[in-house]
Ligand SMILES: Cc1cc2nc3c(=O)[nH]c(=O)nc-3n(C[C@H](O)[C@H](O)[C@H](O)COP(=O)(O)OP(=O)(O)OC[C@H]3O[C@@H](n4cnc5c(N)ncnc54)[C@H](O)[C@@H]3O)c2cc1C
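Below sits a lone chain in structure tokens, taken as the form predicted on its own.
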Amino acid sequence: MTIKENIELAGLTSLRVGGPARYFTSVKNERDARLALSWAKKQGVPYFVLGGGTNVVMSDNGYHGLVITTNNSGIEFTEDDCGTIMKVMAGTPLQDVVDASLEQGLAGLEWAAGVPGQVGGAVRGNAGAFGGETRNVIESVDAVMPNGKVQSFSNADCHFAYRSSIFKEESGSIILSVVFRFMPGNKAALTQKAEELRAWRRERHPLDYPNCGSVFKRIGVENIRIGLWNRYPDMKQAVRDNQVATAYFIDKCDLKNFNIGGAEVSGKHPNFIINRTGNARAEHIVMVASHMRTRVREKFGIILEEEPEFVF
């Protein structure tokens, strides 16, 4: 394990914003993770697990402690009486796992086709789309805890919730590996579905610009006042899995292409903020997000909750 100093973080995030990390390291295994945590403790500095750098907004001022990235990857298949098990190292790109499951004709992750990031981040944020969620195929997770000990979590232990888990709510652990359990499926049908979803994302998501994915979480239908359903009858078309797409509310506020500095509400998908110029600052992202939240609250009385983590 090597500790580096003053490493620029913008290039390590999908949004391409953020200042330098005072200290930086990349961990490949359990030993590295333990050493990194021990080093931070001895130095008396905070640490932050950046992972693959998606779904996060780093401050323009950087991070004054130790930033840790995971650089371990690998996939192993085994079989038992209940089906196929896939053990994946946390730094493995999620798309590698999707492709591996499809190649084996295994069902459960096809919804993730086209979703960026690493496996560890997908578990931490319980990534999901189109009715699927990471937690639905998780058997167990191994993580190095802040005390340096490795702990195994069953699916129930992970306390998965909408875009959350114990690893997000109680920060400080470093996910090492994840065990997925899949069910047999039709390889051709699964592959076709995955390709359809990839095409859907290419058409509707602003993939040509740096972004951190959806900025705000979806709104549960139970949180929508009855009067709003009457006033906006087309809102029903934005409902999926008992949640209303946040893009609906942002679009109704006429916020597409609203911009501050180099940050802009995507005209393609208004729940995305893009770094249009490539030179946007984190403060621009924050100001645009704040404006979106204010406008939606004023127009609909709905409080939006950010999906990415803002590290300031």
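Since the model is a prediction, treat every value here as computed from it, not as a measurement. Position 1 is the first residue in the sequence shown; the rest follow in order.
Missing here is the form predicted in complex with the ligand; even so, the following discussion is about that form.
Asks: Run the clash test for me: the ligand superposed onto this form using the site C-alphas, pose taken in the predicted bound form, blocked if at least 3 ligand atoms lie within 2.4 angstroms of backbone or C-beta, else open.
Replies: Check flagged, pocket reads blocked.
Asks: Only one of 245-253, 278-286, 259-267, 46-54 gets a heavy atom within 4.5 Å of the ligand in the predicted bound form; which is it?
Replies: Correct option: 46-54.
Asks: Let me test this: is every residue among 101, 166 and 179 within 4.5 Å of the ligand in the predicted bound form, going by heavy atom positions?
Replies: Contact check failed for every one of 101, 166 and 179.
Asks: Does residue 14 make contact with the ligand in the predicted bound form, using a 4.5 Å heavy atom cut-off?
Replies: Within the cut-off, so yes.
Asks: With the cut-off set at 4.5 Å between non-hydrogen atoms, does residue 187 touch the ligand in the predicted bound form?
Replies: Judged by the heavy-atom cut-off of 4.5 Å, residue 187 is well away from the ligand in the predicted bound form.
Asks: Do residue 213 and the ligand share at least one heavy atom pair within 4.5 Å in the predicted bound form?
Replies: Judged by the heavy-atom cut-off of 4.5 Å, residue 213 is in contact with the ligand in the predicted bound form.
Asks: Going by a heavy atom distance of 4.5 Å, is residue 217 a contact of the ligand in the predicted bound form?
Replies: Contact check for residue 217: no, nothing within 4.5 Å of the ligand in the predicted bound form.
Asks: Does any residue in 117-133 get within 4.5 Å of the ligand in the predicted bound form, counting heavy atoms only, and if so which ones?
Replies: If the 4.5 Å heavy-atom criterion is applied to the ligand in the predicted bound form, 117-133 yields 117, 118, 120, 121, 122, 124, 127, 128, 129.
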